[in-house]
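Coming up is one lone chain in structure tokens, specifically the form predicted on its own.
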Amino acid sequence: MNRLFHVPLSPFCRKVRLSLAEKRIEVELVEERYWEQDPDFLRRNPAAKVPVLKMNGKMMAESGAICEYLEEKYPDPSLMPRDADGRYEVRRLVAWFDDKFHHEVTSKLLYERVNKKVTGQGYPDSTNVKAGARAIKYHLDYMNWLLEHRRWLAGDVMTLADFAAASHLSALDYISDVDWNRSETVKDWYAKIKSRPAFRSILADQIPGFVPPQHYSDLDF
């Protein structure tokens, strides 16, 4: 049985979960308290990070590498365009969300509000929270600009770029840190992507001590 060692609100884990679900690959989800530095987990991934996917006798780490592996091993349905220019744009946007968005927004909001509490690292840093709240406006505006010129973030079809963005935004939405009223275009995009069957298990996540907003699991909000 395939196994994914993960943390429910990790956007990197969610990106892999969405890729697996979209490709209809069955996987057992195993929550991993990576911050405890368990020796068994360190043997699975010495970097002590999630996600880690056990598949085909292999232990695979790093969400980007895992998603690329899944795309090459299980190309149908495809989450990457066939042409080089299209693939570049998908990779650029995945990097945008997993690097720039993560550094400027996710780490400032989700990690401060949730990760610190869960891992026992203290209270949120209000300076970081305020910085993340400011930065997300810029990113939502950029997404709005992209979606005004394209059906999906990277082009005319849904790709891994959309899953990368939705992974971060869905985790932030769980703690009510996304102002969906800022862009009707982005809100419509998110409603469309979270209505996909691949999103069902993510919307069912329950984090002890944190109650999601009422609209979180609604297919249309």
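Sequential numbering from 1, following the sequence displayed. What you are looking at is a predicted structure, and each value in this text was computed from that prediction instead of being measured.
The same protein has a further form, the form predicted together with a further copy of the same chain, not shown here; the description that follows concerns it.
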Contact between residue 152 and a further copy of the same chain in the predicted bound form at 4.5 Å, heavy atoms?
no
Heavy atoms within 4.5 Å of a further copy of the same chain in the predicted bound form: does residue 47 have any?
yes
At the 4.5 Å heavy atom threshold, is residue 191 in contact with a further copy of the same chain in the predicted bound form?
no
4.5 Å heavy atom contact, residue 68 and a further copy of the same chain in the predicted bound form
yes
Please tell me whether the candidate spot formed by 84, 87 and 92 is one where all three residues come within 4.5 Å of a further copy of the same chain in the predicted bound form (heavy atoms).
yes
Give me the residue from 61, 175, 158, 27 that has a heavy atom within 4.5 Å of a further copy of the same chain in the predicted bound form.
61
Look at the stretches 192-200, 39-47, 159-167, 177-185 and give the one with heavy atoms within 4.5 Å of a further copy of the same chain in the predicted bound form.
39-47
Go through 96-132 residue by residue and record those having a heavy atom within 4.5 Å of a further copy of the same chain in the predicted bound form; state none if no residue qualifies.
96, 99, 100
